[in-house]
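Below sits a lone chain in structure tokens, taken as the form predicted alone.
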Amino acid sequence: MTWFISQAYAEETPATATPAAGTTATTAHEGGGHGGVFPPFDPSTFPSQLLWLAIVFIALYRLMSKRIIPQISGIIEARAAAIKADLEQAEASREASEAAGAAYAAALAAARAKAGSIAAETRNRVNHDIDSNRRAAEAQLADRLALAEKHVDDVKKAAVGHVSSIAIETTNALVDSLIGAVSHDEVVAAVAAAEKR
């Protein structure tokens, strides 16, 4: 754009005449610089500046509307689609995790119920086994007690029988040594009379 402005400035500034031979060239200012107004502020250059401004504006507008804005719109739409897909995936993952949590809770509750039923069944079986073993042990003890009582009765009867015979023999020996010989029947009758008392 600066090239176009410099070209316009070159076209509108009059060419300086070459000085004649033997004459010295005079400058507009003693400082040796350009004379006149700064070209962008020169009212005579406004039409060309406005023309180039319009051309550049239209070119930039077309470039923005045809290339840059569609690319930016495409990028924004792609980002929006990616964000939407990510949100949908996150929602699906959340629902899947909630479903998995519910399934885990249900499986845990079923396992607890099954463990409770197994424990109750085992407890009932053990109690039944204990009761049956206790009844069998009580029956066995009752049988042994009955056998022991029968044995004690037999031993008592045998002892009583022996006591009578021992008492008769002892009485017979004592009576023989004290008063002389006595018949065996009299000694048995005396011992039986003493046992009845």
Partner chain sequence: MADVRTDPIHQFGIHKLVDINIGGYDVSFTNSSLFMVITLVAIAVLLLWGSSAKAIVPGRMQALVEVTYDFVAGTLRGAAGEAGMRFMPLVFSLFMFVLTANMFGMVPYFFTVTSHIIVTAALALLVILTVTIYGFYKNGTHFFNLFVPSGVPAPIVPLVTLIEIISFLSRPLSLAVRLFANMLAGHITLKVFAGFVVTLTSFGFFGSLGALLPLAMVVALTALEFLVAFLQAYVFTILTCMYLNDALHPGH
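Computed from a predicted model, the values in this text were never measured in an experiment. Positions refer to the first chain, counted from 1.
Omitted from view is the form predicted in complex with the partner chain, to which the following refers.
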| request: May I ask you to state whether Ala159 is within 4.5 Å of the partner chain in the model of the complex, using heavy atom distances? | output: no
| message | Please determine whether Ile166 contacts the partner chain in the model of the complex, using a 4.5 Å cut-off between heavy atoms. | response | no
| query | Is there a heavy atom of Ser73 no more than 4.5 Å from a heavy atom of the partner chain in the model of the complex? | reply | yes
| query | So, in the model of the complex, is Ala148 in contact with the partner chain at a 4.5 angstroms heavy atom limit? | reply | no
| note | Among 166 to 174, 126 to 134, 140 to 148, 64 to 72, the stretch whose residues bring a heavy atom within 4.5 Å of the partner chain in the model of the complex is 64 to 72
| Are all three of Ala107, Gly116 and Thr122 close to the partner chain in the model of the complex, meaning a heavy atom of each within 4.5 Å? | no
| message | Only counting heavy atoms and a 4.5 Å limit, does any residue of 78 to 102 reach the partner chain in the model of the complex, and if so which ones? | response | Ala78, Arg79, Ala82
